[in-house]
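Next up is one chain by itself, shown in structure tokens, the form predicted alone.
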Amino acid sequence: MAENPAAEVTTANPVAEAIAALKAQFPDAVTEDDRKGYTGIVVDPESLVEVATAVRDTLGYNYLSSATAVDYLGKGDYFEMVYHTYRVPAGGPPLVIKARTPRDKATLPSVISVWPGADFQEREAYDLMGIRFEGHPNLKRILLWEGFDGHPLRKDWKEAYYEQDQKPFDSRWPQGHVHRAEERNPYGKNVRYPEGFTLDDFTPVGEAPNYEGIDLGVNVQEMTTPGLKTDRLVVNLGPHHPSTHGVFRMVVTLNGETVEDLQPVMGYLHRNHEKIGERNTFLQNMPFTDRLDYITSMSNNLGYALAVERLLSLGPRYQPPTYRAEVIRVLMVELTRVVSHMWAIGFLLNDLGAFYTPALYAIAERELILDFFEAVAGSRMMCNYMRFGGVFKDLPERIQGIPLLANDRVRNEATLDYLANIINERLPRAIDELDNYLTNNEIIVTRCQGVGILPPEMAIAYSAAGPLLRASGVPYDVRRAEPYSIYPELDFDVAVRYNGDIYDRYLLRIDEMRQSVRILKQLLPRLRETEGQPIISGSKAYSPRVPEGEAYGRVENPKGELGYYVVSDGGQNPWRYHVRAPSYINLTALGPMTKGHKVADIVAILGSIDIILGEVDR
């Protein structure tokens, strides 16, 4: 375990520090963002790479957490790239860097040479906004196919079933005239084609873009030429392969059975979560966050709630969540962490060939926790429980079941007694059992030790987060690096391992579950002491008026840092809503981690990252 790094957290004003340090070298290229409710430095695009290099090397912001594109159509008519950078492992608040480009010729330099973790994030901004990043080595669509018409996160892009820019839609008001856009579109008109498109000169894009520009070292078309003498080949794993944990695909270049290169191909599940989020009201977005990582809906809720609460705090009447609400929030997310890590270990063993049995062991304790979630939130997976200023409802006095058959034994137990049994007895025993059964198992040791190594410098450079980062020897945890909720008063260690391989990622999840149980034991007396206190503060308005400004709310989710960048223009809907999904960004390091290994190792390395495709594709 690492020493508690909270004392090392930098509390100075990052913007003032950056302006003072950079002005001498870049007198005309760096200014402070002085818009009301905004923070950060605005950098001239021509100097972006040089400023970013100085920010990394001189100021120590070596970790690019999030890169977000914002369309300010009608509010300046430019695109803005927003980079949230941090000091790792020291911690502290971010330095926010911004660069702007005209909408009609959207071009910015790529910062991959400074922060390689920008790779997938710049491709996403190109795909969904149309910003071209000069110097990007593989700039092509990542969530949509190459033949897709337009860039759907632009404010002026309209889909085939477009109704209005923001909800609630006029057509949905219950006045006897309710209709849906789908009902009024003729069959076959549910797609959008490029202007002037006809089938006369149409050539299908096909698979070529997935292979172009990724330096596979082999000509895919010539692979089928008779008599070609080579043992180098291209193999696709997925998107219907069971080990890909969903509709995800890996284009792998092999020399014999040795991996020479691997490129992730995603987007088969994409439904433009962020476009939906910008049409929803702020509160309507809460249940949509459940569907990102559907194993960790409680944690997803909290990250979004924190982002909007930071915006609300810019207003004069903001009231922070009550203490009881904060205790319940941490209770829910730490139980979620245990659920997610048990599931991750169960499926990692599944990927190694131990089909079903480990997953079933993990399911047993998960079911008890989901029973508790269901009793409190009304749902087992899509909990929709957090609210701005607190939580939806308090814990029930008792957890009760409903008899379905005449002789059913029905649970009827005081909620706090039920929780105490899970936290003090069931979870510690289950974690110890996993440890005893798996840690010294010779098959697991042989398959996992020394496989998929991610060195600490590479983990930071590639923006890895969560267990993937900490198992590489980097003791960085958002709960300590930039504390939120009641974590500053809780006693726990940041789990860290130092070999950066599959085995250490497994061990780290065992360590983190034990730390979560340690936290949960501290919450039990707080739950008893705060009984009867309110569980939500401030206005009970269905749709709060959020002040103008920006906020980045982030939490330490089981899979890593989950961040929400939200921009408000003072209305009832977010102007910009962006998700920094850990499963998505952690895949940036997958290719380098697999090089030199065998085909069977690819499956295990992917499993050790622990991705959820609902969060990858969004």
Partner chain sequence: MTNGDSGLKALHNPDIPVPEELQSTIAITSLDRIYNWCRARSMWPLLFGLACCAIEMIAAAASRYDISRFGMEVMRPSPRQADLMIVSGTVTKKMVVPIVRIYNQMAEPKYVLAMGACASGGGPFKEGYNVVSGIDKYIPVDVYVPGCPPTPQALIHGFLTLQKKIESQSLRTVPWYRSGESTAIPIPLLGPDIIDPRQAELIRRQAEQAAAQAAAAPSEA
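Positions refer to the first chain, counted from 1. Here the rigid core means the biggest group of C-alpha atoms that line up within 1.5 Å when the two forms are laid on top of each other. Source: prediction; values computed, not measured.
The same protein also exists as the form predicted together with its partner chain; that form is not shown, yet it is the one meant from here on.
Determine whether any heavy atom of Ser313 comes within 4.5 Å of a heavy atom of its partner chain in the predicted bound form, and answer yes or no. Answer no; every heavy atom of Ser313 is more than 4.5 Å from its partner chain in the predicted bound form.
Non-hydrogen atom contact His270 with its partner chain in the predicted bound form at 4.5 angstroms: Looking in the predicted bound form, residue contacts with its partner chain include His270, since a heavy atom lies within 4.5 Å.
Any of the heavy atoms of Arg192 lying within 4.5 Å of its partner chain in the predicted bound form? Close contact exists here: in the predicted bound form, Arg192 approaches its partner chain to within 4.5 Å, heavy atoms only.
Proximity of Leu360 to its partner chain in the predicted bound form, heavy atoms at 4.5 Å: Residue-level check for Leu360: yes, a contact with its partner chain.
Have a look at Ile328, Ala344, Ile142, Ile519 for me and say which one sits with a heavy atom within 4.5 Å of its partner chain in the predicted bound form. Answer to the contact question: Ile142.
Name the single residue among Arg526, Arg380, Arg232, Arg132 that comes within 4.5 Å of its partner chain in the predicted bound form, judging by heavy atoms. Only one listed residue qualifies here, and that residue is Arg380.
Looking at 272 to 280, 456 to 464, 474 to 482, 108 to 116, which one sits within 4.5 Å of its partner chain in the predicted bound form if you count heavy atoms only? Answer to the contact question: 272 to 280.
Heavy atom within 4.5 Å of its partner chain in the predicted bound form: which residues of 476 to 506 meet that condition, in order? Stretch hits: zero.
Would you tell me if Gly401 moves between this form and the one not shown by 2 Å or more at its C-alpha, with the rigid core held superposed? Shift at Gly401: 2 Å or more after core fit.
Displaced residue check between this form and the one not shown: Asp104, CA, 2 Å or over, core reference: After core superposition, the displacement of the Asp104 C-alpha between this form and the one not shown stays below 2 Å, so no.
Residue shift check between this form and the one not shown, rigid core fit, Phe197 Cα at least 2 Å: Yes.
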